[in-house]
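Heads up, the chain below is alone and in the form predicted alone; it's given as structure tokens.
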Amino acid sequence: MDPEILNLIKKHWPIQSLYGLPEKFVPGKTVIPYSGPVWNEEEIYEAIHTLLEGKWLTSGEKVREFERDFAAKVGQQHSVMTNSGSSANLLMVAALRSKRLYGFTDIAIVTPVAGFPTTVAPILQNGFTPLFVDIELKTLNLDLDQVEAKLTPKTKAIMFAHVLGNPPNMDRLMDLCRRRDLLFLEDTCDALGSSWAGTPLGGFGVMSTCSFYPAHHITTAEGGTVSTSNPDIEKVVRSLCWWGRDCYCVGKANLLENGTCGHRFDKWLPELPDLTIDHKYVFTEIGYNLKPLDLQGAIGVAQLKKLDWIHKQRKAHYEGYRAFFSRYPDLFRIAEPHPKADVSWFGFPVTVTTNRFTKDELTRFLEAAKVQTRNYFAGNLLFHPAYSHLGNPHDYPNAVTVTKSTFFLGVSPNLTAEQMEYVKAKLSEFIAAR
């Protein structure tokens, strides 16, 4: 490390744009964030060093290094880094339309009706039909019984996010996909570090996505990935991410005289057989520009080194809250993991089951005490204006329940023992007054 740069970073650390970093805790005055980046001077140094000393401003060698490291972490052969997790979901679904892969045009994709909208939006944006199913209250994941019952000949894929890092029964899910010839599109935005029977989540889908938004397990400020073990899928996804071009040079391969293919300048256009053209300007997909900056790759490389510690802290904080809430089975339902799951919890989900108080009353009390809470994301999407034309929300009663009664507390690695004790004290105070 350049000591001059490092000393300047230490002089200005912590930087104000990093919300949610540890700070001196004053009960009732200091906000306890539901999540936040697990950064120190290293991430800032890597970003600045890449910007000042690197050879790439846009995606380059640091992005390529991160892609290799990340693919290995989730048990896939390839990863394509993107500018966000939402972009990653868009690319994953768009790849289904590619003439070089599946060529789908009019299909249905099973997805839970409750969750975050960027799991559903790409289905609609690509002209496909979301086949909604309800969730189960025990895990908050999609109800696999409903999945089995609702499948149609048009159904070609299942797409969902593991809720707050907690997977459904993956043995049953993967058996279902094999029996019914369904593609599994795996969204692990909240589940990096979780595993099922020793296999990392993100390693089950024919494609899987992840998000590096600041609240998530690791962050590159913004960012995401699509991962796969199919090299043909990787080429299509990268093409879609990089304007739709046919050239698949990555990182320093872009500087090769004849490219990765070995014949960069060639007769690439079948309708113009006598024309020599640069492969970098041949387009085989109708694509986007969803690339990250190279400094984001540099941050990602540093962040991945911390993932095992992050996982350990999140699990410990979940257990701390589980011990508290399990004392009140008549008031709350808490999501429990399957015995085969090792969950890297994104949050601690709680469903209010009593008539003594409502979720709204409890979360307002906590927020007034400077304890951040979050809903179960959008809850039932059919209640929202953008999606209300797609069905009747009341056809999915469990999703209605979680919209009204479920929230989650943060289990960020930045959460201190003192802060957790304060949260539990405020919860006890609220319960005793009802």
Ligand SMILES: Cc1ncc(COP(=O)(O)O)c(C=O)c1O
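Each residue number is its position in the shown sequence, starting from 1. None of these values were measured; they are calculated from a predicted model.
Heads up, the form predicted together with the ligand isn't pictured, but that's what we're talking about next.
Counting only non-hydrogen atoms, which stretch in 242 to 250, 145 to 153, 280 to 288, 86 to 94 is within 4.5 Å of the ligand in the model of the complex?
One stretch meets the cut-off, namely 86 to 94.
Is there any non-hydrogen atom of S211 lying within 4.5 Å of the ligand in the model of the complex?
Within the cut-off, so yes.
With the partner left out here, check for me: in the model of the complex, does some heavy atom of T118 sit within 4.5 Å of the ligand?
Judged by the heavy-atom cut-off of 4.5 Å, T118 is in contact with the ligand in the model of the complex.
Residue-level question: is C189 within 4.5 Å of the ligand in the model of the complex, judged on heavy atoms?
Residue-level check for C189: yes, a contact with the ligand.
Quick one: does G202 come within 4.5 Å of the ligand in the model of the complex, counting heavy atoms only?
Taking the distances in the model of the complex, the answer for G202 is no, it never comes within 4.5 Å of the ligand.
State the residue from A341, I123, A161, I233 whose non-hydrogen atoms include one within 4.5 Å of the ligand in the model of the complex.
The residue in contact is A161.
Would you mind picking the one in K359, H311, H78, H216 that has a heavy atom within 4.5 Å of the ligand in the model of the complex?
Looking at the other structure, the residue within range turns out to be H216.
If you apply a 4.5 angstroms heavy atom cut-off, which residues in 356 to 384 are near the ligand in the model of the complex?
Heavy-atom contacts to the ligand in the model of the complex: only F377.
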